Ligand SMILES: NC(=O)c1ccc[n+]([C@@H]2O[C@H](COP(=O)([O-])OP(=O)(O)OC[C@H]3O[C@@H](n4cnc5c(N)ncnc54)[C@H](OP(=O)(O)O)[C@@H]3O)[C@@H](O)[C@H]2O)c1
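Next comes just one chain, in C-alpha cells: the form predicted on its own.
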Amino acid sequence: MRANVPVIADEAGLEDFMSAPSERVVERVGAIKGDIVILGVAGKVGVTLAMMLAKAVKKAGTSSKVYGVSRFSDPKAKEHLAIFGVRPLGVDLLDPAQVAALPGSENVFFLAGKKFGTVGAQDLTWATNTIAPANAAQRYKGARIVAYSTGCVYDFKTAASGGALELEDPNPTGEYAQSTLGRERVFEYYSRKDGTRVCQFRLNYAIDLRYGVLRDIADRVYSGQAVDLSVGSLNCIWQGDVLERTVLSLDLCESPAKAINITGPETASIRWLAEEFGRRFGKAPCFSGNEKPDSKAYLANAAKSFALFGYPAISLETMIDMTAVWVASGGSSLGKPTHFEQTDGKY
C-alpha cells in the first residue's frame, strides 16, 4: 500500500475519520445562528453528517443544537447519535402533525428517501420521496434546506460525454428515479411559493468502506465472482468529502431552488477498477456482461462543485487502497449493494 494512506481499524474509527470536520466546516457551522435539523438522519450518510455537525459545533464553541430526525426503526442508531451530542427525535416524516411539531430551524438538511425495495412497493417509494419533502418544506418555510437528490434524475451518459450537467433537463428512468425528480419538484414548488432557499444536492456515488460501488467491485474480485462490465464506467466520491460539501452547500441555497452535482472528478473504468483491486489482492478478476466502448451509465459532471469547493481531499486511488485493505482484513459490510450495473431503473 502507498505511504500516507489512512489506516482504518474498525467501524468506530471509520466513522470518526469520515466525520472529522475541516476548518471550512467549523467556520461555516460557527456562523450558524440557531439550531440545525437533519431529516432522515438514520440512513447511510445521515449518521456521519450528524456526527460532523456536532463536532463542528463543539469546535466552534457555539450553542447550536443538532437534531437528528428519523423513525429510528433501529434503536441503536438513536443511542449512537446521542453519544456524540446529537439530539435524536423519533418522527415519521409522512405524518404532517409530527413534522409540524419539530423544533424550528433556519438550517435544514433533508436526507430522507427510499430507493431499494421500490419494486413491489412503488406507492411507498413515491410517498417517501414526495410527501415527506412536502411536509418538511411546509414546516421549514423560509429556511435554508440542503435537499439530497441523485444523479439518477439525469439520462444515462457515455464516458465520452463528460457526464450530465446541472443545466440539462432531467430524464429519469424507472419509478425510483422518477420519484426523486418528484422530490426535487416538490422542493422547487415550495421554494418559489414561500421563498424557501433550497439546494438540490445531486449525489452519486458516495464511498464508505462498508458500502458503495468500490466495495461492490472489491467484494466480487476478492471472492472470485464476476464483475459485470455492461456498464463501463462510474463516478464516485469519498463520503467525508460529501459531508463537507453538504455543510458548505448551505451557502448555495437559493429561491428558486438550484441544483449542484456532487461526485468525484474521474470517470473511472469498471474494468480498470477491478484490475486495480486484483493487483492489490493478488487475484485476477473475472468479468461478465457485454462490454462496449459506448456503454452508458449514470455519469455526472461535477466541475461546478470543484470550482466552488475545490477537489476532494481523498483521491480515487486512496479510496481504492483503503477499500482493498478493509475487504482483505474482513472489514464489515452494510450488505447493501448499489446495483450500479443496472440501467432499467428497477431497484
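Don't overthink the numbering: it's just position in the shown sequence, from 1. Treat the numbers as computed from the prediction; the structure is a model and nothing was measured.
Here the subject shifts to the form predicted together with this ligand, a form of this protein not shown in this document.
Of the residues A112, L81, I145, L243, just one reaches this ligand in the predicted bound form with a heavy atom at 4.5 Å or closer; this is A112. V45 is the sole member of V45, L316, V26, A297 with a non-hydrogen atom lying within 4.5 angstroms of this ligand in the predicted bound form.
The candidate spot formed by P133, Y189 and S255 lies out of contact with this ligand in the predicted bound form, as no residue has a heavy atom within 4.5 Å of it. Only one segment in the set 247-255, 153-161, 221-229, 84-92 has any non-hydrogen atom within 4.5 angstroms of this ligand in the predicted bound form, and it is 84-92. Taking the partner from the other structure, this ligand in the predicted bound form has no heavy atom within 4.5 Å of any heavy atom of P285.
Of the heavy atoms in Y176, some are within 4.5 Å of this ligand in the predicted bound form.
Interface residue remark: N171 is not counted as part of the site for this ligand in the predicted bound form, having no heavy atom within 4.5 Å.
The closest non-hydrogen atom of S70 lies within 4.5 Å of this ligand in the predicted bound form.
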